[in-house]
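One chain is shown next in structure tokens, namely the form predicted on its own.
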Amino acid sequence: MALAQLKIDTTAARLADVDVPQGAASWGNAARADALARVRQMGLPTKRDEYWKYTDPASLTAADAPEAAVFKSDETPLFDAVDRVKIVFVDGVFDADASDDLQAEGLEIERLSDAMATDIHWAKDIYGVLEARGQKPVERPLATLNTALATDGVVIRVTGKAVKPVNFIYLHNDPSSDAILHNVVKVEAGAEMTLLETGPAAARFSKLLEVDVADGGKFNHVRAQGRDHERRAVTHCFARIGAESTFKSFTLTFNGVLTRNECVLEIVGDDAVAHVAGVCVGDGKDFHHDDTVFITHDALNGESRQVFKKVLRNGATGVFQGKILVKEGAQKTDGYQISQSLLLDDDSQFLAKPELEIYADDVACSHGSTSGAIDETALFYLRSRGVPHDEARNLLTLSFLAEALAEIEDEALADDLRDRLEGWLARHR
């Protein structure tokens, strides 16, 4: 009873002075109203919820966002050398002047508010729909809250092979900003696109991405989160993956007080591929990073991979919760899950909860989780060959992260992220 009351009180406090965005077409208003009703029914999470026991959601559910100092860096912006379509958000608000023209070969791009002003729009079949599908068997009320309250975002329809990647650039200028963004992507049959995401976005950031990949489609996603030290973020990705299609997502996270990334994938077509990978590097007792992944196989001959690596030091905390669910009849499923942490001191911790739930009898599924320190034998070997201690330590750290970085298909993008990791390690010796 006490737990139920706590959820009721938390939800009531968060929604007390909230105004649901209006002015959308009837389908948009209906989707928001439905989501708000579902939030009230579920209640916002507390630390006593099963899938939040390792991460305290209090700062994510509070009525007011904690302030976060704006981080200034003289580094070249990530992906700056890539020929891309730039879509810029400043503290959660679309910046048309800083963005490129929303036109590109193979892509139809609109602002979410413009799409919702249209009575008939393809986004109606995706916005809030994939998020609602992803609420079973585990409720994800912060995603539902995003659907109800999102103030900005874009919708992208991929009609062919997109020549240029799309880059969402999230800029943080206001120390008290509280941004809620919702983006929708529909990849048509046989179409292909790459989505890049960079930047800290806001003091507190809620971002939801819904992706519908039709038969034979291909969606590549590379994201870098950071660099503000005091930011808080909760992100969700819900995807529906059709026959002979591919979904691949990679996330690199630097800094931040609290980051929770949830990815919920549903393989609904035969011979589909779904890969989710991530690297996080954290320094300090205030760093807390949580990857929560749920992949459902509901078709024949599906392949899924979950590859997550965390490097933690000076009291940092890393969390991984990953599940593979193989439904009855999803024969020939190949599911792989690995979560590993490299603890660079005795004060950091890694909390893992790997899960398999299988209802088919002809599958190859595995999961593993390890946590440990730098291999002293390997370190001694490099030192004996004349490699300085700090450099040897960094080489072994990058070697540890290599399996996750290998999930990035584009070598140029992978090299860019690898260079950033080397720079971070050099600054945190």
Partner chain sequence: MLEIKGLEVKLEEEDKQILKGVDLTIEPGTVHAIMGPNGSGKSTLSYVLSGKDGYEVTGGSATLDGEDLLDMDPEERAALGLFLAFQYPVEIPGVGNMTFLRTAVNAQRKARGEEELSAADFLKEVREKAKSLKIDAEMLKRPVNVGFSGGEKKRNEILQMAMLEPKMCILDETDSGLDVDAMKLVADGVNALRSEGRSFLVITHYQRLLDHIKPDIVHIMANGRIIKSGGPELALEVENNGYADILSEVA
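The model shown is predicted, which means the values in this text are computed figures rather than measured ones. Residue numbers count along the first chain shown, from 1.
Separately, the form predicted in complex with its partner chain exists; it is not shown, and the next lines address it.
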- Query: Among the candidate residues 37, 402, 30, 63, which is the single one with a non-hydrogen atom no more than 4.5 Å from its partner chain in the predicted complex?
  - Reply: 402
- Item | in the predicted complex, the one of 362, 67, 391, 50 near its partner chain [non-hydrogen atom within 4.5 angstroms] | 391
- Task: Indicate whether its partner chain has at least one heavy atom within 4.5 Å of a heavy atom of residue 378 in the predicted complex.
- Result: yes
- Indicate whether residue 374 is a 4.5 Å heavy atom neighbour of its partner chain in the predicted complex. no
- Query: With the partner left out of view, is residue 382 within 4.5 angstroms of its partner chain in the predicted complex by any non-hydrogen atom?
  - Reply: yes
- Task: Consider residue 58 of the chain shown here, and say whether it contacts its partner chain in the predicted complex, taking contact as heavy atoms within 4.5 Å.
- Result: no
- Partner-facing stretch of 50-58, 365-373, 37-45, 382-390, counted where any non-hydrogen atom is within 4.5 angstroms of its partner chain in the predicted complex: 382-390
- Note that its partner chain is not shown here; using its position in the predicted complex, name the residues of 187-221 with a heavy atom within 4.5 Å of it, in sequence order. none
